[in-house]
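The chain below stands alone and is given in structure tokens; this is the form predicted alone.
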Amino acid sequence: MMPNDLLARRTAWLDRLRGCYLGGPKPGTLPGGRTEALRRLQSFDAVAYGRTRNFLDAPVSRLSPYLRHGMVTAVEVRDHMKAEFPSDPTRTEEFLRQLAWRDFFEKVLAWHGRGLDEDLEEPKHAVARVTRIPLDVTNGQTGLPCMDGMLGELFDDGYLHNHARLWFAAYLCHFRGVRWQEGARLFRQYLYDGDHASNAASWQWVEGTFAAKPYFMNKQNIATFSGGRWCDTCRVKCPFDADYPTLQHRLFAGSQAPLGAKSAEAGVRNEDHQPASVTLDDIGPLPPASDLVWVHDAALSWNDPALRANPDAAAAFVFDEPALSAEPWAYHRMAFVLDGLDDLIAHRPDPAMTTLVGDPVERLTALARQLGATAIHLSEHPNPGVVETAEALRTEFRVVVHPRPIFADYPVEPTRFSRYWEKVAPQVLGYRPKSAKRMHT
């Protein structure tokens, strides 16, 4: 149960953020914050994960939302796993290899920036794609029990097992003929871990614009790794019920994939409310300071490098109103971030921290001027919004970017995970694995 003061603050914030999120409160939402991230890290069984990770009913860490928002770092997770089994580090090898995919994708984002939102390579097929998600998809009513089940989890729970994400992405791109960017946008809105790097790069991996070939699945694959969750009782004509050569010819032999009929916008946007504007009067009293820390949404931790380096500085978080108005998050995503802010503030009650709504450059500039701050600090992250905001602030302020702990050093262009893993596995694991070239399955 949330204390009355936190509940009142949460209600006030949600009212001010109307138009920036979709839907409303629901039971069972994932609690945010570093405190919860550390609890989950301590209780996770990485050994069991390594044996069964491709099965939907197998144990998973659910740490990705916390990693995405900087509530815990990949380095902390790596070091915890290695400390758990010092005499036999191979027991957590598979989990650490999967964790390395996150670092690999972040390096891809750092290399390409907003270029990651467009095809990194030419598609490995000649099938055209459209920019319209069918309304039956955005309503979760495709008529296919497996896809509707996955969409229900996405919309209601904000989570999909990685294998299910690949299946749905293959369905939307290859079986429904929709551009991968539209699916990536849908995932960003609803997944707790709607991460720019992992999300866009994974969709490109499925489409074949960041892989040697497109990924697709058949009915047997879905039935096996879902434990027959949908297939055992399914009575509809299954588009996946064929062997792989047959599906490959059907999907990529030059025939046009079926087109969506309506825009996804009709199914997911809520235009009843406009975002509330926030003036400087809403900032509240903050002491004058020569330095200001910008806590962005990938740095929601009291252990964040910028905060640790500036324990006496004022700090500010800004909800990016223009970005959220254009691409609103599901309510549960917004609540997760608000949890993270509450947890951060509880562990850093003094000096003061404020939360704002608006354009980050404008709001941080106005706040820094009011405080008389000459320097703005932030923690390093490759997200384009973070990079571009920092660059814009440099026109008036000294901007100090505090480096994050390095998961793995890989200074060349990241093009394939197999090449990356072959080079960095000894750094991550502390030894060279026998299966250094194993691919993502």
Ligand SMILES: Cc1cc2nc3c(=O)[nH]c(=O)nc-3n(C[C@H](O)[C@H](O)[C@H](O)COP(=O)(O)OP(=O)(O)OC[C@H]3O[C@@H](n4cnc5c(N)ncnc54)[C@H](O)[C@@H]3O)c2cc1C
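This one's a predicted model, so the numbers in the text were calculated from it and none came from an experiment. Each residue number is its position in the shown sequence, starting from 1.
A second form of this protein, the form predicted in complex with the named molecule, is not displayed here; the remarks below concern that form.
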Contact of N162 with the named molecule in the model of the complex (heavy atom, 4.5 Å):
yes
Although the named molecule is absent from this view, report whether L63 comes within 4.5 Å of it in the model of the complex, heavy atoms only.
yes
Proximity of L378 to the named molecule in the model of the complex, heavy atoms at 4.5 Å:
no
Spell out, yes or no, whether the shortest heavy atom distance between E93 and the named molecule in the model of the complex is within 4.5 Å.
no
Stretch in contact in the model of the complex with the named molecule, which is absent here, among 99-107, 302-310, 365-373, 237-245 (heavy atoms within 4.5 Å):
99-107
Just give me the single entry in V178, M147, L191, A315 that has a non-hydrogen atom within 4.5 angstroms of the named molecule in the model of the complex.
L191
Please pick, from L154, L344, V337, L166, the one residue with any non-hydrogen atom lying within 4.5 angstroms of the named molecule in the model of the complex.
L166
Stretch 188-206: residues contacting the named molecule in the model of the complex, 4.5 Å heavy atom cut-off
L191, D193, G194, D195, S198, N199, S202, W203
